[in-house]
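Next comes just one chain, in structure tokens: the form predicted alone.
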């Protein structure tokens, strides 16, 4: 053998041995990983997290704290961690986009059920429906392969003009808390993580990316943080999204006080904090301020994210300690393991008959009957010969609008379609659009003519998801109905006084001179894919409306607290919440201002009576409030009993009364039921800045029970004999 051949042979053997050795090492490593503790699902979560963390390289750790596409973070194949998929969708799983832009991905398997808006869910005042809602979201997210669902939103309705009010559960922190807790628990029971957003005080869309919010500590703790605290401490939410705005001069995505001190230290949050998309502003601020996952920063490649190369550089220079990175990685790994990232999840379900039924029932219970003179509703399909359905929202598809809440729905039943399905074979149905993007005399004339020729008019109008109304990124300019609807309604009512008005929208609107002339008014919010069917069932009496307002409807915008005090939209880049605790009905009650429709208000096709209030103390500070509700009308229906507490001699200023409990009951005609609502010391507590804690002070309190915040039927006194602090 020549020397050249010998050399080639030796090189070949060395390469072969090296390759085989590499294979042997790889196989051995794979076997070792298969035996790794983090793969053993019987082990405690924290042991699995620590074991997995200990096996990760620096690059792998950095990979899990920032995105690698619009809605994903990177896989770590070596350790068996798949790519993590997130999705918008408080009202359903959003269509896929990107990967590197906001354009639809063009998939054919990214449809989803379109659920009613969260403001409507809150208007059901039925926490069981919040559970059913969350189950739909969780099952469909699992079927679509999503690990984190970006919702529910839980910001407080501070102004009627906020473009995203429709995504939130209204103005009251107690009602909001009860809804979001059940929603989150149900989503997470499906091995999908919920994301509580937007933390905190993202209560307007105007200048949301720059505005600085200033408020006192009591307002922060008693109003704006309460739903988030419930989400963390009661529901065990796994992820929280920081808000776009600044809070007390610091971006919410790097806010030491909000993210580290309150959320993680005080509340004991073990999950991850993610940024809103393009809501991260600096490496140092994000790393030290409490952010754990950076999403959506508008730079490419993804290694240029603040928490990618910049984080690595800070670790290399000693600016950041490895313990800071490890804490963030732990939080991400907990979320991954809790959603079975390693062992895998079973398939979910999407757009099932059960999901459709849930969407319809939520819509039915969300509708609020605001006016019903002389029993104008329900309509008798056997007595009505002709109906004119008027208004753009009678045919407008709402699913694919509103911003990040948009849904590519399998279907959406419009109000016109729902009415046609219900009685179209027996009643002559005509339709006139009436208005479009701007007042239109020809459309208005057609509508008036149709109204004059029908027995009954069903007008379906209100707001929509176009920019400037109920949409992300913009606020409304005023509280008026758009497109000349006030004038149009006045003409329609003049042509046919028997006009039933149905309003879509996620927040209050002013109602012009037509309100006093129409016999019936129904608030429909955005009722989802089964909305048309649900509406028809309510209009024709198959379902008795049982929704109650989750927000106050002012008579005029100037009556709303933020606007009454001139504190919207802010000045010189700052908005001051000088109304403090007096948000929504707290303001109207304390200032004795008459609203158009009060918080908690809603009519029924039947009538209810309250009686027999008594308070039974189980132990000091823990009591049961009991009373009876009777259906004294002729139809089966649902009533929402609301319990408010009033501090008779507060040491610090408090609202006149505050919601502290509610119960929804369904009764047949003549049926009576005992209702029991629990109270504890938290029900009487306020935040005392001097003590840095919630305080339930000894003294006398009034317990008020009624059908709305302005319709109190029963009241009784109770007393706390000792003062207690809640850290």
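Positions refer to the first chain, counted from 1. Being a predicted model, the structure only gives us computed values, none of them experimental.
What follows is about the form predicted together with beta-D-glucopyranose (BGC), which we do not show.
Inset, instruction - Report whether the minimum heavy atom distance between residue 241 and beta-D-glucopyranose (BGC) in the predicted bound form is within 4.5 Å. - result: Close contact exists here: in the predicted bound form, residue 241 approaches beta-D-glucopyranose (BGC) to within 4.5 Å, heavy atoms only.
Inset, instruction - Verify the contact flag for residue 71: yes if a non-hydrogen atom of it lies within 4.5 Å of a non-hydrogen atom of beta-D-glucopyranose (BGC) in the predicted bound form, no if not. - result: Taking the distances in the predicted bound form, the answer for residue 71 is yes, it comes within 4.5 Å of beta-D-glucopyranose (BGC).
Inset, instruction - Could you confirm whether residue 472 comes within 4.5 Å of beta-D-glucopyranose (BGC) in the predicted bound form, counting heavy atoms only? - result: Looking in the predicted bound form, residue contacts with beta-D-glucopyranose (BGC) include residue 472, since a heavy atom lies within 4.5 Å.
Inset, instruction - Check whether residue 102 has any heavy atom within 4.5 Å of a heavy atom of beta-D-glucopyranose (BGC) in the predicted bound form, and answer yes or no. - result: Residue-level check for residue 102: yes, a contact with beta-D-glucopyranose (BGC).
Legend entry - Contact assignment for beta-D-glucopyranose (BGC) in the predicted bound form, among 84, 465, 360, 208, heavy atom within 4.5 Å: When beta-D-glucopyranose (BGC) is considered in the predicted bound form, the option within 4.5 Å is 208.
Inset, instruction - Please pick, from 364, 190, 276, 292, the one residue with any non-hydrogen atom lying within 4.5 angstroms of beta-D-glucopyranose (BGC) in the predicted bound form. - result: Only one listed residue qualifies here, and that residue is 276.
Legend entry - Location of beta-D-glucopyranose (BGC) contact in the predicted bound form, chosen stretch of 190 to 198, 505 to 513, 455 to 463, 231 to 239 [non-hydrogen atom, 4.5 Å]: In short, 190 to 198.
Legend entry - Residues from 444 to 466 in contact with beta-D-glucopyranose (BGC) (non-hydrogen atom within 4.5 Å) in the predicted bound form: Not one residue comes within 4.5 Å of the partner.
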